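Here you get one chain, nothing else, as structure tokens; it is the form predicted alone.
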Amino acid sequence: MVKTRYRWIVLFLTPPLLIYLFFVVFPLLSSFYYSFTDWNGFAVDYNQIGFANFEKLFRDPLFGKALTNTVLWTVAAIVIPTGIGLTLALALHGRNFIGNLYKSLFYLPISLALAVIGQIWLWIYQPDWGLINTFVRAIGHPEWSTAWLAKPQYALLGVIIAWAWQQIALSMVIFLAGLTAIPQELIEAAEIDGANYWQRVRHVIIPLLAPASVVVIALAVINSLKSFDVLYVMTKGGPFHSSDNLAMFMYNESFQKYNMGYGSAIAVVLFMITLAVIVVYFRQSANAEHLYD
């Protein structure tokens, strides 16, 4: 009986494990290997060059620009979706039919692919008939209209806003789930003690939302680090690399300039940053678990 059960376990686990090894583990190990070579992605022959790609990486001003943009994107990912998602969750939690309707409306963006999100916001930012420029002209300020994504000072911010518009929905849903896990007795006790709504939010609800906050922030950071599709659709890292992040920079080096070894080095750096975030996330999750005990 035990042997039969073990065989069924092996039978069902082997196909997904093989798929995972082939599509995740093998490419990951290959990236580490090729990061120490000068492979161009096509040639059969290539040279082992040690840490030359990494030395070049940290001298490359374009890498510095992409890293800075990634940090800015990550900070924005923590602040914008988390703050607005928490606000919406608090406003809509426990509401009636109208509240549920608004929840559905705010959740809609997360059901769209990021490539679609990028195309929608391309229309919004369009210089001639886009929503933003049409609005500023309608209120009597045509001088405010501009080609938003063609200006280096606005391009990155424009893409971040489009990306955050989708991520707010995810943050809202996680916070709503966290709010349902908070014992109502604690909130009622604070109300009986004379705490007003904002005091209950600050001193009771937000501290007890720590586990949900850890999940929201970790997902926001991880999603920001791997953001590529929305950026590719909207700016492709331009103009003049002003909206490059590490994922976009890696793509351009690997598949546009055919520096696969150099692109693999960028991928390794991005992987190490993401791994550090995941380690911090698991540690914070373990620390936050006792709050609902």
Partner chain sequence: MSIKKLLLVLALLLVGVTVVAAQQEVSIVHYYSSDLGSATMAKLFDGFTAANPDMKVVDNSAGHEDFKTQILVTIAGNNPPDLFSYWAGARTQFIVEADRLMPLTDFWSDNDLDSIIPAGVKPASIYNGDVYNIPMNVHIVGFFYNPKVMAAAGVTSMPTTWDEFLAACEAIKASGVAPIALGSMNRWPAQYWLDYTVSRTAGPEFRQQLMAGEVAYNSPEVATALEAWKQLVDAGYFVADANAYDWTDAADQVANGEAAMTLMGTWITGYWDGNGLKPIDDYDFFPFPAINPDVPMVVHGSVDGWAVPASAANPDGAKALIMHMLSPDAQATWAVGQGALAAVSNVDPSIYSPVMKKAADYLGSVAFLSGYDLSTTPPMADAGLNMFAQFMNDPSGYMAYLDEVEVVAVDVFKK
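Positions refer to the first chain, counted from 1. Note that the structure is a prediction, hence the values are computed from the model and not measured.
We do not show the form predicted together with its partner chain, though everything after this point is about it.
Student: Considering its partner chain in the model of the complex, find the one stretch among 154-162, 123-131, 74-82, 198-206 with heavy atoms no farther than 4.5 Å from it.
Tutor: Checking each option against the 4.5 Å cut-off leaves 123-131.
Student: Counting only non-hydrogen atoms and a 4.5 angstroms cut-off, does F228 reach its partner chain in the model of the complex?
Tutor: Taking the distances in the model of the complex, the answer for F228 is no, it never comes within 4.5 Å of its partner chain.
Student: Does any heavy atom of N40 come within 4.5 Å of a heavy atom of its partner chain in the model of the complex?
Tutor: Heavy-atom contact with its partner chain at 4.5 Å: present for N40.
Student: Please tell me whether any heavy atom belonging to Y46 falls inside 4.5 Å of a heavy atom of its partner chain, as the geometry stands in the model of the complex.
Tutor: The answer is no: Y46 has no heavy atom within 4.5 Å of its partner chain.
Student: Is there any non-hydrogen atom of F58 lying within 4.5 Å of its partner chain in the model of the complex?
Tutor: The answer is no: F58 has no heavy atom within 4.5 Å of its partner chain.
Student: Under a 4.5 angstroms heavy atom criterion, identify the one residue in A189, A147, A218, V136 near its partner chain in the model of the complex.
Tutor: Among A189, A147, A218, V136, a heavy atom within 4.5 Å of its partner chain in the model of the complex occurs only for A147.
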